[in-house]
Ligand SMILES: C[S@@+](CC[C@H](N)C(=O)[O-])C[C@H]1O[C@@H](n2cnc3c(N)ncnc32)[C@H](O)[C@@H]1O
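What follows is one chain in structure tokens, specifically the form predicted alone.
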């Protein structure tokens, strides 16, 4: 198997905030092609251990080949990162971990179709791909099943996450009208439908179509619910002093990660002016009051990193 080129996003910041050290145990919650895992293992010394999680068996195969030189220091598990506690139990780790990385969203390999030989319909630029949008190729819920089965209220909620104002209702009306004629099952059909429904031209309509695809991908993979559950599970898995690093790629992820980390810092459950409000237990100390951005040099060499934001916290 030929392992695709896989660049780790914000590598220096990941190492700075994760601080891998010899003899410690780390989890890469979205191992992908293994680039971040390789970075962590190279910086942590010969006695460290890494557990890599991914829902996509093809991604795990790429990671296994890339990380083969580390031998038994690596264990790869097919799992979602929010299921980290079960994954750790499956490899006989029950004493806690020292660090965890969550790198949100699909890999470039998945977007390009390199994990299956054909894409899964993640991108509006794809021509005639099946509308799956699944990180786990075996999961039954797909983009085409959502488009076929969701009622109007559900569709308004789904597309309301990323589309604006009147765009939402226009897109939903077009979907309902189109599916009455025939199921919406391919990327070219969905792209043309959104192009007609969203009254823009040129680059503007391309951005709005991409936003519609993002809404479907988020829904199919339960990305926002998974991220919140994943943060909570990581906090449970981490030892005191353990570090959590999260890389997010769009506004909904940015806000969710920042808000949940702040909540886990503890403090009053209500406004500060509300005397006597119950206090939340402090579980984390946030190291990045504002998310970190990739440096310009990285953006120049890896444009896919442009939208990345890094959040970091320490278990207390």
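Keep in mind that this is a model prediction, so the values were computed, not measured. Residue numbers count along the first chain shown, from 1.
Separately, the form predicted together with the ligand exists; it is not shown, and the next lines address it.
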Can you tell me if residue 82 lies within 4.5 angstroms of the ligand in the model of the complex, counting non-hydrogen atoms only?
yes
Heavy atoms within 4.5 Å of the ligand in the model of the complex: does residue 27 have any?
no
State yes or no: in the model of the complex, is some non-hydrogen atom of residue 59 no more than 4.5 angstroms from a non-hydrogen atom of the ligand?
yes
State yes or no: in the model of the complex, is some non-hydrogen atom of residue 119 no more than 4.5 angstroms from a non-hydrogen atom of the ligand?
no
Given a 4.5 Å cut-off on heavy atoms, tell me which of 85-93, 101-109, 142-150, 161-169 is the interface stretch with the ligand in the model of the complex.
101-109
49, 55, 260, 254 - the one with a heavy atom within 4.5 Å of the ligand in the model of the complex:
55
State yes only if every one of 8, 34 and 135 has a non-hydrogen atom within 4.5 Å of the ligand in the model of the complex; otherwise state no.
yes
